[in-house]
Ligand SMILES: Cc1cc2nc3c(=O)[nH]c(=O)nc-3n(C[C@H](O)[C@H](O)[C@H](O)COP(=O)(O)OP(=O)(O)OC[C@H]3O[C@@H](n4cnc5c(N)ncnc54)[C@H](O)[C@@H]3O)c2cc1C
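Next comes just one chain, in structure tokens: the form predicted alone.
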């Protein structure tokens, strides 16, 4: 039997989506190992977070009431101390800005091998991690030649856990070495034109190279408005300066998991698909019936977007 410790994330008073995905990934892994799934909640409103995370598959939630926001030094010490207490076989963290900030330090502190950006986990006598390589064109498997390991999991690859459960909730305290806490979060400042966060949208209307000219984006914006949706794009649109960086979906943009994702004039390059394949429903509009986007689309329209989109706008208005 091998236990798993998953470290959840929060920001500005809310649990991040990857926290619920970590529950699913961890539950799947203990299903292979026969162990228990433990969650670590570090900082913030730990009691409220623990209530949200009381989900099926979770055996125990350990709350660490240290600070309000993520802190590298606090997280490293807390996860290390909790790991020494629980002795988990695997420690799971998000492959996020925060996760990649502290995961290497945790692995070094606990003398664990670290495998990053996992899109699949399996244990059949040993941990096997699936990763993508060469701009997501190839999947590879990494066989971890060690009894214990730390892993960061890519957001959007596992379904978010939703089914309620009744795990034990325990406050965990340890001797925090304040001399090693060299930074504190003093506030947040939005940068760029961050008027929206496309990662929070339920419906995204995304535009790609097929739009041809910058002025044509207004047509797609009208469709988004008619649907009450948020406008997003593929990388070429951002590279051309037609939309700001915060609207970009994909490997070098944001990973999104909306209820509906409408891809207009997007061919479906692997870099873009990596950022939106977790959407519940994908609708693709493209003139090329062999476009890769149709391989993952739930609904497809083969046609000229300049004819299809106005019709859709009329219908939805």
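Positions refer to the first chain, counted from 1. Here the rigid core means the biggest group of C-alpha atoms that line up within 1.5 Å when the two forms are laid on top of each other. Note that this is a predicted model, so its numbers are computed, not measured.
Omitted from view is the form predicted in complex with the ligand, to which the following refers.
265 is the sole member of 44, 26, 258, 265 with a non-hydrogen atom within 4.5 Å of the ligand in the predicted bound form.
Checked against the ligand in the predicted bound form, the candidates 282, 291, 55, 50 yield a single residue with a heavy atom inside 4.5 Å, and that residue is 291. Although the partner is absent from the chain shown here, none of 7, 70 and 88 has a heavy atom within 4.5 Å of the ligand in the predicted bound form. Interface membership of residue 35, defined by any non-hydrogen atom within 4.5 Å of the ligand in the predicted bound form, is ruled out. Heavy atoms of residue 208 reach within 4.5 Å of the ligand in the predicted bound form, making it an interface residue.
The ligand is not shown here, but in the predicted bound form it comes within 4.5 Å of a heavy atom of residue 248.
Residue 236 belongs to the set of residues with a heavy atom inside 4.5 Å of the ligand in the predicted bound form. Residues within 4.5 angstroms of the ligand in the predicted bound form, judged by any non-hydrogen atom, belong to 208-216 and to none of the other stretches in 70-78, 208-216, 170-178, 119-127.
Shown without its partner, the chain has 285, 286, 287, 288, 291, 303, 304, 305, 306 in segment 275-308 as residues with a non-hydrogen atom within 4.5 angstroms of the ligand in the predicted bound form. With the core held fixed, the Cα of residue 274 is displaced between this form and the one not shown by 2 Å or more. Put the two forms on the same core and the Cα of residue 252 is off by 2 Å or more between this form and the one not shown.
Taking the rigid core as fixed, one finds a CA shift for residue 287 of 2 Å or more between this form and the one not shown. A change of 3 Å or more separates the two forms for residue 8 and residue 255: their C-alpha atoms lie farther apart in the predicted bound form.
Relative to what is shown, residue 127 and residue 274 are farther apart in the predicted bound form; their C-alpha atoms differ in spacing by at least 3 Å.
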